[in-house]
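Given as structure tokens, the chain that follows is alone and in the form predicted alone.
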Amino acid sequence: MSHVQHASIEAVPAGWRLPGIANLHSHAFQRAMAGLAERQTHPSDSFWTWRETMYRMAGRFDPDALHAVASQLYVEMLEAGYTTVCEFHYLHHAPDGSPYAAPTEMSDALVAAARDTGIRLTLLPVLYMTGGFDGRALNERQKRFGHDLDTYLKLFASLHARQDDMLKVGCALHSLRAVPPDAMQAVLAALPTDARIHIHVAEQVGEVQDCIAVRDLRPVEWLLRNAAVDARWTLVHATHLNDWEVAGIAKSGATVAICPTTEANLGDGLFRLRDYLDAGGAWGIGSDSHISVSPVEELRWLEYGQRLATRHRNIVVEKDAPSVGRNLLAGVLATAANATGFDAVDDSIVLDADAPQLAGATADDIADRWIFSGNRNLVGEVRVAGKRVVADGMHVDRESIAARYATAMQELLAG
């Protein structure tokens, strides 16, 4: 692992300038249910019971609600220091599964939210075809997610044609259980060479068990043996890995998108981070379900989870790079372009020079001070493509977007 060079951290009159952070995994609509799935519904509550609450919330969204919620979310991301977001988007159709008159209508809502707020967007329309490894049909609540192969490729082509300096369009395969092998191969063959490919994989133990039962291989092992996984790929979660899979992902050049706050909230498990780093693996972070919207918290809990598991301190370090914060920052910066498609050299954040938590900070310790000094947001200014979108810690359109969000939430919760 290479550590962040001093040139990436610059002292400026307002504080400390750092590169912007890429958020590699987002389901924007789930911001509306943060804090609403924290009551026990079953003695064995897990991802699978949480998913029932998520389906109910998903069924209430229309394009206007998605635009309002995504706009608020993207404001929160920018204020926290995220300057690019990868939107893993599967709310394609109306709640009953019928297509909108414009097939891109829900995608358009996300693009509009990104443009309204000034965040870079890697839009990842999701292919979702089956309800399990056994090929079962989508259930009623999943039908709004679904496409056949031809309609998905038409959707992708329509969105991909709109790419510009602030919008990239890639492909999301929802998961191995939701995309049959022949469909996966057909989509991969049809994609343009610049398209990034993201997939949920090995998030839960149950998924691993089902994959073994049907395909005789673990999910990541099956994927590596059946697809040309390379640096264009981002494997989301990849929580449950054996030694061969850890080494295989690292060798492939793919990025693992680790989402520590969501993985903890859902009880999914801990990624094998130290083994993966020792294998030379590439990784980034995502806020996923948005029960937290903070790169600081994702990075802090990525490290803290490993400390709890090993009962040792200072895990993300190298012999010649002993700073945990600097190495965490290096990890997310090194993979941003591969995972998002953006070379976002004009994106930056400035940490507030007047914050007491940063008193006496130096270039050597600023990353550690930012990540490990508490919960006050220390981001004072954010620029995306050179344009200032956050000043004095607040997004330039914070109030109007928050008001629209409040109205949307009242309507969603009344549904």
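All of these numbers come straight from a predicted model, not from anything done at the bench. One rule holds for the numbers: they count along the sequence shown, beginning at 1.
Absent from the display: the form predicted in complex with another copy of the chain. The rest refers to it.
For the three marked residues, Ser8, Gly135 and Leu167, no heavy atom of any sits within 4.5 Å of another copy of the chain in the predicted complex. For the chain shown alone, Ala37 is a contact residue for another copy of the chain in the predicted complex, at least one non-hydrogen atom being within 4.5 angstroms.
Another copy of the chain is not drawn, but in the predicted complex it has a heavy atom within 4.5 Å of Glu263.
Among residues of the shown chain, Val345 is not one whose heavy atoms approach another copy of the chain to within 4.5 Å in the predicted complex. The closest non-hydrogen atom of His312 lies within 4.5 Å of another copy of the chain in the predicted complex. Here the chain stands alone, but in the predicted complex its contact with another copy of the chain, taken as any heavy atom within 4.5 Å, falls in 288-296 among 105-113, 288-296, 228-236, 154-162. Gly269 is the sole member of Pro95, Pro99, Pro180, Gly269 with a non-hydrogen atom lying within 4.5 angstroms of another copy of the chain in the predicted complex. Interface residues of 46-75, taken as those with a heavy atom within 4.5 Å of another copy of the chain in the predicted complex (partner not displayed): Ser46, Phe47, Trp50, Gln72, Val75, in sequence order.
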